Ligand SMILES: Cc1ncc(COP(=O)(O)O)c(C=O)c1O
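Next comes just one chain, in structure tokens: the form predicted alone.
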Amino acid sequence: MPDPAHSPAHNQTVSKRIFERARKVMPSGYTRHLVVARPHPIYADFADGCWITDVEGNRKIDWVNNFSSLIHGHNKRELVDMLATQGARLMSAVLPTEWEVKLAELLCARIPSLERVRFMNSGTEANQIAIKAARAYTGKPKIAKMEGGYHGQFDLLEASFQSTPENWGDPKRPNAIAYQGGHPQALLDLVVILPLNDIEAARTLLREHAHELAAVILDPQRLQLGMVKPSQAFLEMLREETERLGILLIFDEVWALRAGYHGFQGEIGLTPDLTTMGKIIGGGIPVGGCGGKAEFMSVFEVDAGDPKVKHSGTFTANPLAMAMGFTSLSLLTPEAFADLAAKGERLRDGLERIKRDLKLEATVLGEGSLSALVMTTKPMRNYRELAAAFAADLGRSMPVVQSLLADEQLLTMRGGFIGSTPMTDNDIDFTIAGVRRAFERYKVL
């Protein structure tokens, strides 16, 4: 049993009182299901650098960074100054501002696929707009996505995000399964589910549905938080087949853009037709982006009359998000990305030492500033293998995660670590020491 002195429920009277108020005005007391915790969540108070402090005064190193959006951590001086300066000057307006142009110029200069860019307010919205653009350009209705792929809270793209052995069907022809209530069958009929890393099965499905497929969308770097990597050969097949069959290839780089100065597509040398973005391009402010080659982005053009795709929004390209995004990305130099990658490698090396010293049946995953430790040695080449690994791992890893939460560490429930630029070698070593203590404490061997 967990040591009560190290339980996350220890000394949380302030959070408990806040949660009791929350339950009276929000369903079950929550606005985000990702923060659901028992008996109640821990409420944040303030943060600085890579450390966050809750309302009880407990300080933790932040390895979640609001699910990757805070690549510079908290309270970055240049960003705080920009927030104050631009907030006092102009937060939002119906008129466009130069900040929008500056951020677009920066992105087009860095990301290989981008010749034209449009902005929106989240990664979910970016993927919605990208699908609309692909349909308008090709004149075809369906889209294809990876089994287990996550692309935000758009029910079309939520299909088979968390399907189960009871409903996922043939591994060569996965079923399109509703993720949650309110997902109509009519939308499921518009989705073709591809098995990740099965080159021949995916190629067969693409060719079979080519006449009705507008686009294939995937995160080219990872699948869910388990970091199941699409193989280079699989990605090359997708690029070759979509180009040959008249299907647009969309890279969802809402997460993957943090992989390097030129995004993940720059790291692997493959250029999609459209790219969706979010998180780090807003400097901590809600943002989304969709861009690609001018030919495919022409569906938004108004020069010749009404556009094929009409897109606007009250807070689209608001100057606060544009200014913060430009400032944040300007700080992400090649040297900054190299330092992020080095810190990530230092963490993974430390996790490997723990695994070896304690003889853990575990696997260290990740690259760049994203890392994970999962309690399995079985291969995870697709969603089904990932799901099986996490099902077997959950009971063994949860006590460790709970221990780390009580031991000045904040990480994802699946044991994921998302790095940020203010982290130092001492912060990395502090985390490694904490992970070792947690495994020793619970003897999860």
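We number the residues from 1 along the sequence you see. All figures in this text were calculated on a predicted structure; none of them were measured in a lab.
Absent from the display: the form predicted in complex with this ligand. The rest refers to it.
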If contact means a heavy atom within 4.5 Å, which one of 163-171, 150-158, 103-111, 314-322 is the stretch that engages this ligand in the model of the complex?
150-158
Check D273 for me: does it contact this ligand in the model of the complex (non-hydrogen atoms, 4.5 angstroms)?
no
Give a yes/no on whether N75 approaches this ligand to within 4.5 Å in the model of the complex, heavy atoms considered.
no
Contact flag, N127 vs this ligand in the model of the complex, heavy atom cut 4.5 Å
yes
With the partner left out here, check for me: in the model of the complex, does some heavy atom of K145 sit within 4.5 Å of this ligand?
no
Every residue of K355, Q409 and F439 near this ligand in the model of the complex, heavy atom within 4.5 Å:
no
Of S330, S298, S122, N175, which residue is found within 4.5 angstroms of this ligand in the model of the complex when only non-hydrogen atoms are counted?
S122
Which listed residue (R346, R222, K140, K132) meets the criterion of a heavy atom within 4.5 Å of this ligand in the model of the complex?
R222
Enumerate the residues of 237-266 that have a non-hydrogen atom within 4.5 Å of this ligand in the model of the complex, in sequence order, or give none.
D252, V254, W255
